[in-house]
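Below you will find one chain, with nothing else, as structure tokens; this is the form predicted on its own, and questions on how it binds or moves follow later.
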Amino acid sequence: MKVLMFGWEFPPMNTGGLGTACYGLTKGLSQNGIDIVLVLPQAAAEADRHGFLKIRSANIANIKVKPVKSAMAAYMSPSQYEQHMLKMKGIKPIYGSNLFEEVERFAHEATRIAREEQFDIIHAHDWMTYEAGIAAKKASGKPLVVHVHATEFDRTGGLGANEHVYHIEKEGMQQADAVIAVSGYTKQKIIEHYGIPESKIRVVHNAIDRDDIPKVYAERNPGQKTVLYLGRITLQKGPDYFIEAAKKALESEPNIRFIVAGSGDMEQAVIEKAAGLGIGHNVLFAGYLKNDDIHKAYRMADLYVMPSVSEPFGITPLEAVMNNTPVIISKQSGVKEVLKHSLQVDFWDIDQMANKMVAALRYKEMHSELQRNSYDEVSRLSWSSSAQKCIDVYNSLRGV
């Protein structure tokens, strides 16, 4: 079976969890004998600089990458696209004047690709590729699967959702022959906010493979406990709640070091919040980390916290656990469905978040139990298993 897949980030050029998920899923599909044509947008300059056409992995034998020159980038908002276009003045004007025009242009390219390639199923990841998936379906007559990694309600925390993005998401789910949700949590959002029938939605949890965790060395400081936040510094991820909980935790345990690793549109506001609360000397802002540095940060930490306002899944807690770091996760997340051996808290409950931070750091037996049991639990997950569930969806649409 061959799958025509549309995405908008993939290692080594990924800034968030979607790239990690796409890599894991394509690897799992490959291991299960599926051929993949992976279509990705990439600006020509970045493609040349990173050797985009040479992206290959020893773990993915049967994948063909087709780059489309595009100014779209991962997690880009309409306003960020406009700022990006201002910086590109003087470059050949092939790109859309706004993000939605660029999404349409990418869909036009999808029509051409769908006519050139032979495939059995179309698989589109998240809203920027849904129009491309629909266009490929119209050009080929093949079944379309849309994979929902996040909705506009997650990205905005339910506040100020972009109506244009929402309508693209809804149209993609309506036109799709099947919808894959990364969690039961996301499935319910799709039903409630988009009116998609439950029978059309399949839940395929994200996963992690032990072999994908690099063997890096990093020591924990025995004289000071470290609590890590690692992710995009945006409203969806709840970094402001993390800082407020840090303030509370320091009132009980003044010798905690907090690390905030990542970047995003709330970064300056969060730095100012830490200073305003008088804890700036206890909080290290590490900036955006990548590759081995991410795993070194997990290994340096005694505890990882994911305080997301709305998290469809959340791969970072799985990464933390595989680096032997216990986790506190938001109850408003999908990963809680596969990670039972974790401390869980409502993102808004600052007192409880702080209390659980302190307890996990203070009580060695509790810390060790979380460490051991969560590692055993996550070790049983695999992208091959998740990929097989996707293949089951493909086969049901093909009548196999």
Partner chain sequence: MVDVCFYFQVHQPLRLRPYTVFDIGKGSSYFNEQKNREILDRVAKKCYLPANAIMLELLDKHPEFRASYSLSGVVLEQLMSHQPRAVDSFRELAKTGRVEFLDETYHHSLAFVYSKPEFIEQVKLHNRLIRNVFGKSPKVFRNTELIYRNEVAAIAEKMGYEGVLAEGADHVLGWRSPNFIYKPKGTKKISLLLKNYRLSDDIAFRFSERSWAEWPLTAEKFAKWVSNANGNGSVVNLFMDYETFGEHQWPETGIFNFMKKLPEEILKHPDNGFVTPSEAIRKHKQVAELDVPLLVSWADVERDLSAWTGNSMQQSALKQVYAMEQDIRNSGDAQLLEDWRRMQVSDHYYYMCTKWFADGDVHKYFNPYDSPYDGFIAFMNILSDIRERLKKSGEEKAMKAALNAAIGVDA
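Since the model is a prediction, treat every value here as computed from it, not as a measurement. Numbering follows the first chain given and starts at 1.
Below, we refer to the form predicted in complex with its partner chain, which is not included among the displayed structures.
Exercise. At 4.5 angstroms, heavy atoms only, are 252, 343 and 352 all close to its partner chain in the model of the complex?
Worked result: Checked in the model of the complex: all three residues contact its partner chain.
Exercise. Out of the stretches listed (303 to 311, 113 to 121, 199 to 207, 243 to 251), which one is close to its partner chain in the model of the complex, meaning heavy atoms within 4.5 Å?
Worked result: After filtering at 4.5 Å, what remains is 243 to 251.
Problem set entry | Touches its partner chain in the model of the complex: residue 35 (any heavy atom, 4.5 Å) | Residue 35: no contact with its partner chain in the model of the complex.
Exercise. Contact between residue 27 and its partner chain in the model of the complex at 4.5 Å, heavy atoms?
Worked result: Because no heavy atom of residue 27 falls inside 4.5 Å of its partner chain in the model of the complex, the answer is no.
Exercise. So, in the model of the complex, is residue 373 in contact with its partner chain at a 4.5 angstroms heavy atom limit?
Worked result: Looking in the model of the complex, residue contacts with its partner chain include residue 373, since a heavy atom lies within 4.5 Å.
Exercise. Any of the heavy atoms of residue 348 lying within 4.5 Å of its partner chain in the model of the complex?
Worked result: It does not: once its partner chain is placed as it appears in the model of the complex, residue 348 has no heavy atom within 4.5 Å of it.
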